[in-house]
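In structure tokens, the next block holds one chain alone, the form predicted on its own.
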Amino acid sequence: MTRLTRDSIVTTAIEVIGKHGSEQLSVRRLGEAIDADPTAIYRHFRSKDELLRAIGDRCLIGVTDDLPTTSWRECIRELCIRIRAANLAQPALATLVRGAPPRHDNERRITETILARLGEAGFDSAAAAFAYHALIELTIGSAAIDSSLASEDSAARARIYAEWRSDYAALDAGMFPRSVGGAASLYPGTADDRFAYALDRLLDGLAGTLS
């Protein structure tokens, strides 16, 4: 039997999630997959929650590597785009790290990078903390909203957005005049485009507080 490590347990757990979904991951099922007594897992993880956080953290590997150094804004913008992409690439894993503060290395590197760049830009600790939360909540929230369509190709997503625009256009214009009048402009471009727009406007606002 292969020697168990934290890394090997996480790898097997990800395989189990791929087959059965994160809701069906249990210590018993994981024990069967690694061909070991389930209690062996607790020699490497203090709890199932700690294991789940480690699994979720795996999808964030590399997001802080080789970030732009031209400006604090470009660095943070690129990092947020990468975080969102990582969440969309593995939504089942990403959900495991959304509900609590950072507790593993990749999450902690993200926090440290954002706070460091904001500090270098001139934000004091309190302002940097509020900015950090705004950036992370926009990024993770966008990924959570878009995750249901993440597996669809661009043509399928375009058709879905067109259907949604039609739904708005078909509303009672007397009750929802702005929605009907603006229906053709809703859901423009891609979800990536819309996230980039929101992120840029948030960064504009943050930059404005420094002047």
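Start at 1 and count along the sequence shown; that's the residue number. Predicted, not measured: the structure shown is a model, and the values here were computed from it. For the two forms, the rigid core is made up of the largest set of C-alpha atoms that agree within 1.5 Å on superposition.
Keep in mind that the form predicted together with the DNA is missing from the display, and what follows is about it.
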{"property": "Contact label in the model of the complex: Leu25 to the DNA, heavy atom within 4.5 Å", "result": "yes"}
{"property": "Arg159: touches the DNA in the model of the complex, heavy atom cutoff 4.5 angstroms", "result": "no"}
{"property": "Any non-hydrogen atom of Ser47 within 4.5 angstroms of the DNA in the model of the complex", "result": "yes"}
{"property": "4.5 angstroms heavy atom contact with the DNA in the model of the complex for Glu152", "result": "no"}
{"property": "The DNA: the contacting residue among Ala173, Ile145, Ala184, Ala40 in the model of the complex [heavy atom, 4.5 Å]", "result": "Ala40"}
{"property": "Location of the DNA contact in the model of the complex, chosen stretch of 29 to 37, 176 to 184, 64 to 72, 162 to 170 [non-hydrogen atom, 4.5 Å]", "result": "29 to 37"}
{"property": "Core-aligned CA displacement of Tyr168 at least 2 Å between the shown form and the other one", "result": "no"}
{"property": "Rigid-core frame, C-alpha of Pro38, shift of 2 angstroms or more between the shown form and the other one", "result": "yes"}
